[in-house]
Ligand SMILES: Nc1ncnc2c1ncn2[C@@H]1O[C@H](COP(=O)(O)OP(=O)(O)OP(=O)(O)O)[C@@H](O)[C@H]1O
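Given next, in structure tokens, is a single chain: the form predicted alone.
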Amino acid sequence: MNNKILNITNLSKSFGAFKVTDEISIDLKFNEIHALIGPNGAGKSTLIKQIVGTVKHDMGSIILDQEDITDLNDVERAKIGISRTFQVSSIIPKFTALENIVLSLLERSQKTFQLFKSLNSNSKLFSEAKEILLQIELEDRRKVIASELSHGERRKLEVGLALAMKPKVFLFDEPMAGLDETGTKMMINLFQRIKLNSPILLIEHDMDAVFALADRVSVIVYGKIVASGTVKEIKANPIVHDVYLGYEIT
């Protein structure tokens, strides 16, 4: 049985003479968090953009749930189950937390034209939205305007918007950025739960969070994967220490 939901093979992208991603092969398995780490400029963001479809590949293939999506555009990829969050917030500041989730549910069903009718009369939609808010621990904040939520609460709401889309995979780009210790612990707990909904490909610079969360870690340097394995294997890898971590880890 194939336990891989996402399979990327030999993905490459050059801008002029500069090769940003260089024959990268990486996969994501069901119910796991696969962290992608590396120094700034290593090619992580370009790789994510290639997976999402906003940057066209030069070569390579992307298979999602046994379907070849290599030549699909970003809109088509989103429709079949790729969810990327935290690069550009999709939260509507003047809507409540509940209304934001409802809007995301409507977007999933492609019925955003029914927005105002649904916000006032669709009990099934509200019930599903409340279940999502309960899952992300914001149910008691459902009536709060999004702009009045704390930074950590807005991060959780972003996760809720992604959950509402029922993606096949989550792509999270530095979700711990700007969070204090309490907020980071909250997000770690949340991610450990939602990976059972859909697996997560995670870009994150907070190594404590990576090592707490990841089932596997891949290290990218100068556009190449230089190491991939469990947290224990990555911690013990001398190449990773030399090219990226640069300090002793316990």
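Here the structure is a predicted model, which is why all the values come from computation and not from measurement. A residue's number is simply how far along the shown sequence it sits, counting from 1.
If you look for the form predicted together with this ligand, you will not find it shown, but the lines that follow are about it.
Enquirer: Can we say 84, 90 and 158 each have a non-hydrogen atom within 4.5 Å of this ligand in the predicted complex?
Expert: Not one of the three qualifies.
Enquirer: Just one of 211-219, 24-32, 43-51, 193-201 has heavy atoms within 4.5 Å of this ligand in the predicted complex; which?
Expert: Correct option: 43-51.
Enquirer: Does residue 174 reach this ligand in the predicted complex, with heavy atoms at most 4.5 Å apart?
Expert: Contact with this ligand, yes.
Enquirer: Can residue 205 be called a contact residue for this ligand in the predicted complex at 4.5 Å between heavy atoms?
Expert: Answer yes; at least one heavy atom of residue 205 falls within 4.5 Å of this ligand in the predicted complex.
Enquirer: With heavy atoms only and a cut-off of 4.5 Å, decide whether residue 20 touches this ligand in the predicted complex.
Expert: Taking the distances in the predicted complex, the answer for residue 20 is yes, it comes within 4.5 Å of this ligand.
Enquirer: Within a 4.5 Å heavy atom cut-off, is residue 39 in contact with this ligand in the predicted complex?
Expert: Although this ligand is absent here, residue 39 would touch it in the predicted complex, with heavy atoms inside 4.5 Å.
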